[in-house]
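In structure tokens, the next block holds one chain alone, the form predicted alone.
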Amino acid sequence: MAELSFLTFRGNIIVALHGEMTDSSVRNFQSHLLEEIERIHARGLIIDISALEFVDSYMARVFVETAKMAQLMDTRTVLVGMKPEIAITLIQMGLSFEGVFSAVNLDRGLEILEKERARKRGRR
């Protein structure tokens, strides 16, 4: 069973996924995460999947849907720590990650969120 740990940092939620994720735990992840976004009025979300050994099509679809739901709540999402073999598999499956940023690590993910915030402020 996967462990869910949420960390709040500068208005961002950082969630690191560890262990095996079942369909049930993926659904649980999504609902708890959306509740947390609402609770703290998060501006950014980082989902760290570096500890996952695999990401199946269902998990990937839920990650993308969660990012789109977060965007509707005015929260930008960055997926970090994707292993090359996972990226290859997801592209071969034909999954679209439109609207989801990606970064190699947490530092780069936080940089992306800061740049997005600055860009958004510049449009006002």
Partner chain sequence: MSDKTNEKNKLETLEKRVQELEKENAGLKATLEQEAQEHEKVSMDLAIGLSEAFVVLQKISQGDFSVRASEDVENELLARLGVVINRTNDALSAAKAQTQNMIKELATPVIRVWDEVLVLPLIGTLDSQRAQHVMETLLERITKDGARIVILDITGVPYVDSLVAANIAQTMEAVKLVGAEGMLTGIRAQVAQTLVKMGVKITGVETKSNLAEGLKEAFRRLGVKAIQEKQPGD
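Positions refer to the first chain, counted from 1. Everything numeric here is computed off the predicted structure, so don't read it as measured data.
The same protein has a further form, the form predicted together with its partner chain, not shown here; the description that follows concerns it.
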With the partner left out of view, is Ala51 within 4.5 angstroms of its partner chain in the model of the complex by any non-hydrogen atom? no
Are any of the heavy atoms in Ser25 no more than 4.5 Å from a heavy atom of its partner chain in the model of the complex? no
Should Met82 be counted as a contact of its partner chain in the model of the complex, where contact means heavy atoms within 4.5 Å? yes
Is Arg108 close to its partner chain in the model of the complex, meaning a heavy atom pair under 4.5 Å apart or at it? yes
Go through 51-59, 94-102, 65-73, 35-43 and give me the stretch that gets within 4.5 Å of its partner chain in the model of the complex, heavy atoms only. 94-102
